[in-house]
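Only one chain comes next, encoded as structure tokens, the form predicted alone.
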């Protein structure tokens, strides 16, 4: 399975607004392993981006980690990320050098008043103060070349608005990979890109994983992307991981009604224009007004009276495959 680099255990994150508490993450646990891709999938608002920002300690001021732990297992031993000062020296060293993130929209993440090369140089020199400007620029050119950007010697001096959407995303990946981090977090990195550029970005991420052994946490709502790239999958709903397993476990033997509903809602190529999609009924509840018992039961086709009593406990199905559902055997045996 590969050695564990990031370990998230029983993580709880709460947001406090207008004297109200929003329980955004409710005890999630997973490992990110060397040379493996963990896909976190779910509807908007389920806590995917909060998970990524918690690992990077980029959560807003109104949030707090109320329980659990986030550990970086590096060559010098375990570092408890959740206990570090968010802008302290040790956390700044981890960001970029050991753990890097690619945001969803490169146009808002890149600074429009500085050239692409300047921003990559800044990352390189922040982690290696002895690096001269000329050497940093040469390294930036090589990074852009590695990312497949044409004429990198020229492009390194250009600004974000002079890059196409796909090239901006490649430039952001170049910046993220500048210090050869061991972990790459990608928060829906291709949402704003067309399908051909998406394929190029995903091919690039796969090469980073296979050639450099980079551990990847990929956040997405696209089950097609999950099928193509994932080694392991964590399905999130209302701040909880309701199902976790290998790609074979989750896609071929789903044990949670939500996972099954996500898979049934995907259009299948080759079935023609008349195929009927099977959308998930209802909508995600307000996090301030959560349903009693299982959070998914108001939308679930398998729910019974017992599902309204309390949250289901996590059950091990087989191997690493685990699920939070009382009806998991019924879900797996149902041919629908």
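Numbering follows the first chain given and starts at 1. Owing to the predicted nature of the structure, the values given are computational and were not obtained by experimental measurement.
Absent from the display: the form predicted in complex with a small molecule. The rest refers to it.
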Non-hydrogen atom within 4.5 angstroms of the small molecule in the model of the complex for each of 24, 62 and 188: yes
As a check of understanding, the residue in 28, 32, 46, 54 with any heavy atom within 4.5 Å of the small molecule in the model of the complex should be identified as 46
Answer key, the small molecule contact in the model of the complex at 4.5 Å (heavy atoms) among 104, 119, 246, 137: the residue is 104
*Consider residue 39 of the chain shown here, and say whether it contacts the small molecule in the model of the complex, taking contact as heavy atoms within 4.5 Å.*
no
task: Give a yes or no for residue 17: in the model of the complex, does one of its heavy atoms lie within 4.5 Å of a heavy atom belonging to the small molecule?
output: yes
- Item | Touches the small molecule in the model of the complex: residue 92 (any heavy atom, 4.5 Å) | no
Closest heavy atom of residue 260 to the small molecule in the model of the complex, within 4.5 Å or not?
-> no
